[in-house]
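Next up: a single chain in structure tokens, the form predicted alone.
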Amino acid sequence: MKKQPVLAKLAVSRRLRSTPYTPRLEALGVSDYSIVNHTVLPKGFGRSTQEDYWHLREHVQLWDVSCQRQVEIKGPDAARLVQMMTPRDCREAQVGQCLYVPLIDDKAGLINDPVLLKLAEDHYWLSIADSDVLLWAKGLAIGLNLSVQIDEPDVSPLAVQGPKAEQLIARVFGDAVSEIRFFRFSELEFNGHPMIVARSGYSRQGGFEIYLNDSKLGLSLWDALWAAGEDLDVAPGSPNLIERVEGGLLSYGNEITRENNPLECALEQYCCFDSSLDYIGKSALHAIKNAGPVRQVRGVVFGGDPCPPCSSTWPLQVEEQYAGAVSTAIWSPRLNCNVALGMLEKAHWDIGQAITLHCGDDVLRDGRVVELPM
């Protein structure tokens, strides 16, 4: 007798952590999880990726992004340590500002690409992607003998994304949210409790991230936003793969790894080459700048039927010559073609370059290199 397949379950423990919002997401039928920073990231709610894509573009979603853990750096040498970790010039950063900051090692390899929040002149949060920045920061602080305290505070971000996000946030936090500029934050009250609210998020549709700083308030915060958004067609969601690829939003561990440097990942605008600025990996990054990167991230579009999931890199070629590799690919209902993010060799990265893709289903597809965002 043929055995029926059994759906695997994720065993959550202190090592693989749930979040303050997990009970509400389970009640709403979360169907898939990923693990980021040892924390669950809800990835599906029974909708297709295309259905979720259109909803995000037209309405508003609540994303449990507690996996964006905060590395807190505070103390007399906090600003020095933060600057040593990134080639971005943070010397003029203002309190209340968010900055996208690539973190690099001594070879200019990307350790992470977090958002930096400057809470005070001696107090910072790094809102990180999926790698252990806490240990990197502690190691640097010890090695440099810096006077800092480094910790992971009880902070669980909740993203509100989509064109109706500001309307929803204002109903819960007040009209002051309209005064928050892009990549800035304010401290606003929820039920008499101050929380940081930033105009930011991992989508191109606009929105906010609420930095919940007391796990006990997680369900109350979710419920308040959910109730306030009923007439706005609020729904649970997560970063949408179609929207991410079209928007050229890179993912650490996919498009970005420690094998890549910022110039390969089109992050040169976030790097300072002023000789007066010191940071880890400075000489290596300057050498790459002088020589020029040999590969760089580009968008790729290609035809045929909707492609299968891209669970590994797919090679690209031009006239049977290796031209690079695609790291993420999916069908776009808006552009009516498959869209992808890939690392292209210098000889083949020009916009409009015709290219052949070795797709995961062993079917050769014709495509071309395009600008990001699409």
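Numbers follow the displayed sequence, beginning with 1. Quick caveat: nothing in here was measured; it's all calculated off a predicted structure.
Keep in mind that the form predicted together with a small molecule is not shown, yet the notes after this line are about it.
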Could you work out which of N260, S131, Q296, S127 is the residue within 4.5 angstroms of the small molecule in the predicted bound form, going by heavy atoms? S127
Residue (of K118, K282, K164, R88) lying close to the small molecule in the predicted bound form, criterion heavy atoms within 4.5 Å: R88
Within a 4.5 Å heavy atom cut-off, is Q61 in contact with the small molecule in the predicted bound form? no
Does the small molecule get within 4.5 angstroms of any non-hydrogen atom of F183 in the predicted bound form? yes
Can D113 be called a contact residue for the small molecule in the predicted bound form at 4.5 Å between heavy atoms? yes
Verify the contact flag for W226: yes if a non-hydrogen atom of it lies within 4.5 Å of a non-hydrogen atom of the small molecule in the predicted bound form, no if not. no
Candidate stretches 72-80, 208-216, 288-296, 227-235 - the one whose heavy atoms come within 4.5 Å of the small molecule in the predicted bound form: 208-216
Output flag, Q68, Y100 and R204 jointly within 4.5 Å of the small molecule in the predicted bound form, heavy atom basis: yes
